[in-house]
Ligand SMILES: Nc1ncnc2c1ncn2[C@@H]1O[C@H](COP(=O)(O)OP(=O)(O)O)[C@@H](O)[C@H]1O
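What follows is a single chain, given as structure tokens, in the form predicted alone.
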Amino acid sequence: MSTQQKRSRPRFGPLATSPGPVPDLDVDALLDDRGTGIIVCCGSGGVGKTTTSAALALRAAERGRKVVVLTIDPARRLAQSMGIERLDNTPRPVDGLRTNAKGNRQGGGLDAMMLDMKRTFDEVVESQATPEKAKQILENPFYIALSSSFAGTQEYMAMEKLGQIHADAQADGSYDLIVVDTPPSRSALDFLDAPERLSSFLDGRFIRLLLAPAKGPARMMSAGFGLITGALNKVLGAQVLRDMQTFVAAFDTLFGGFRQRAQKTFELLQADGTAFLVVAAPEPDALREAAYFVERLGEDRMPLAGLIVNRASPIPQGTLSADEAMAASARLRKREPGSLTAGLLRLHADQTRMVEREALLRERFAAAHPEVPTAVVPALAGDVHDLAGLRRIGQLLAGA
């Protein structure tokens, strides 16, 4: 992995030329392709990644795939919509699956789980260290703070859990498709950057300095280190500094394993069996972020399957344009103040203009990224709270 670099957001400008037809994203072909083993849904916060992930997983299971969906979203909506009392770090079976119209759910199944960041970190330590060493690390106050709240730990542990599930599935055949709902984050693709950031932290100069006492008495007694630790004692307190030094000394033997697994999972995400879906809303900021995701995935050679635009405004019925509807509404209001028909015509005009604005935004995205297949999912009247709602979303994703 290359060192994370600061990247600028792409901007949408005026269209230089009218884009050609946008290729449709064939969701069912993606789900039915047995060569696809991992689907990663990514995008900025609040665009429906969790619902999209769950709907894709359900549709794939009902089309015959053995699926597990891993969500990082702390909301309870996914568990509730799948009829599960709670989700945790253990896959839970989802009941109520049915065959589709073709009746091809032979052997299909669906499990769901929610990432427990600290428990996943603990499992990694327990699997890599001796029982005595693991106990020393797990009980260390600095480790407890790091594994619970350190920036980037959630994203890193999402990759760890993905690697674990994939390795287990390869060994026992439990799943042939893993659907990942990436963490909501302000910075695009923190999911990919987290291993590099965590590695940089654990391999940084400050940590190396803290590790120095464990590497040799001579360095510990150096005047320079004494001055530094004296200053840190005043800022952090002697006990905090000792906890940090004890943690780093114990953790150092595991560090190489962390890096190795992170690199292996990163390569897994680049493999042909992985497909990234960028999820966005039909809004300028969300599509600008989607453009950044697409470009970043290309830079990291991640296999992009397409773009999903959620919650698109439904196209109003009728053939009246927005201007025609507004003109007719104005004429009616003059003749019949308070006319219900005039109000309905105005609503039609507003809805038509909203649809036109969203279409223009998608055209601008397509002009910049004409090769990205796209699926547009219209907004539903209410929230998704059960399997029927997820099933309906899956149908809309597939263009039904």
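Just count from 1 along the sequence shown to find any residue number. From a predicted model like this one, the values you see are computed outputs, not experimental measurements.
Another form exists, predicted together with this ligand; not displayed. Remarks below refer to it.
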| request: Would you kindly say which of P373, G64, G48, G37 lies with a heavy atom within 4.5 Å of this ligand in the predicted bound form? | output: G48
| Just one of Q154, T265, N310, T71 has a heavy atom within 4.5 angstroms of this ligand in the predicted bound form, so which one? | N310
| Interface segment, criterion being heavy atoms within 4.5 Å of this ligand in the predicted bound form, picked from 56-64, 333-341, 347-355, 40-48 | 40-48
| field | Contact label in the predicted bound form: P23 to this ligand, heavy atom within 4.5 Å | value | no
| said: Although the partner isn't part of this model, could you tell me whether A379 comes within 4.5 Å of this ligand in the predicted bound form, counting any heavy atom of the residue? | reply: yes
| task | Considering only heavy atoms, tell me if L387 and this ligand come within 4.5 Å of each other in the predicted bound form. | result | no
